[in-house]
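In structure tokens, the next block holds one chain alone, the form predicted alone.
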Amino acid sequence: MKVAVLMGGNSFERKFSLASGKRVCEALEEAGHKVVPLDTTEDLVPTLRSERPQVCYSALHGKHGEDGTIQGLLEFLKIPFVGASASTCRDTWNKATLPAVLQSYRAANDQDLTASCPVGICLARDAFKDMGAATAIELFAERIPGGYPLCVKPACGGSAMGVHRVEHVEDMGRALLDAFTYDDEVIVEQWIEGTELAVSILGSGWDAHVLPPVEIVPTSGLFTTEARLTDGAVAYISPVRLGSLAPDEAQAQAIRAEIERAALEVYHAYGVHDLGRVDLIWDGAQAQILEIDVSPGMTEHSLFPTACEASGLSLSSVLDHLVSQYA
């Protein structure tokens, strides 16, 4: 097939996207496809119309790649593409939608869910800039169960950009200012301690299935943007070590099944299809969902390829299957 691979763009995550796109191109070429690598410049639409690819694969990360922009454009051009629809991307893009989406899914299915999420507050930049919210930042610790430490992060975006662990109210202003450099809305929520995991998912509807969970273990500090780009700064262990979940093997196996079920619930709740990755923390009692990524990274440091390898799948075969279904 003739496959256009979209990459680059002008988001904060351009560097990640170019690296992902390069690896996707290599994997698809290995599978025998004719690949047309395209940066998303002003020439994108004319090039797509002249090249006439049979399908697109978007390796764009961040704004325009995961917020429904590129998906809406491809729907308008009537070019098939791998991954979630534009409307689904608009929902998943903003992490603040997670509690409401899970609640709606729970009500629609009339059942309790395994998935949970941290309690948090989302505020817009204008609330601070024009309405004086900065004079009330001491209230975060009162409004959020458990108080400090708190997590401050942009409502939209990925790659841990703008994420902070805040221990004291004196540090809250600095963390908010940095998070607002990445987005117009910021979430302040419970800081969850536990085992950090990424659960990649393949497929659509009730045929969707999880790949082995990847345990994320930074050699020091947090799983930051810099750590993701530095060789040896993070250990990715897949499948997750049972000892990281519980001392008893049988109990740990049951917890792993619960984690996988929680990830699938989030995937179905948003209506994601083809592929995605759910990031979460097992806090010792529940799977606390942080976000769902509809355009997982594909670099050598990325979690999705790690999960593929752990399940015995080559990235080439996975991407071949994903694009070939649109033949």
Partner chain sequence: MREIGVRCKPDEVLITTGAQEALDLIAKTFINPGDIILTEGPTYLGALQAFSAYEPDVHPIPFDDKGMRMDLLEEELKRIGKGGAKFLYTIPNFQNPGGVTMVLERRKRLIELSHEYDFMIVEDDPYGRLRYDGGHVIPIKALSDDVLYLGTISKIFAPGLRTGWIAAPKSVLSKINLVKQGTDLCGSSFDQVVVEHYFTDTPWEKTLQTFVKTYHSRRDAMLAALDEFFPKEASWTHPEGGFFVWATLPDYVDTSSMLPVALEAGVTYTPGDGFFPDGVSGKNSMRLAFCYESPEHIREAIRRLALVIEDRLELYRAFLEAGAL
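Residue numbers count along the first chain shown, from 1. Computed from a predicted model, the values in this text were never measured in an experiment.
Same protein, other form: the form predicted in complex with the partner chain, not shown, and the subject of what follows.
Judged against the partner chain in the model of the complex with a 4.5 angstroms heavy atom cut-off, the residues R125, A134 and T181 are in contact without exception. G173 is the sole member of P149, P218, G173, P99 with a non-hydrogen atom lying within 4.5 angstroms of the partner chain in the model of the complex. The contact residue chosen from R143, K129, R106, R90 relative to the partner chain in the model of the complex is K129, the criterion being a non-hydrogen atom within 4.5 angstroms.
Of the heavy atoms in K63, some are within 4.5 Å of the partner chain in the model of the complex. By the criterion of a heavy atom within 4.5 Å, L177 is counted among the residues contacting the partner chain in the model of the complex. For the partner chain in the model of the complex, the listed stretch (91-99, 245-253, 135-143, 208-216) containing residues with heavy atoms inside 4.5 Å is 135-143. Along 6-30, a single residue, F12, places a heavy atom within 4.5 Å of the partner chain in the model of the complex.
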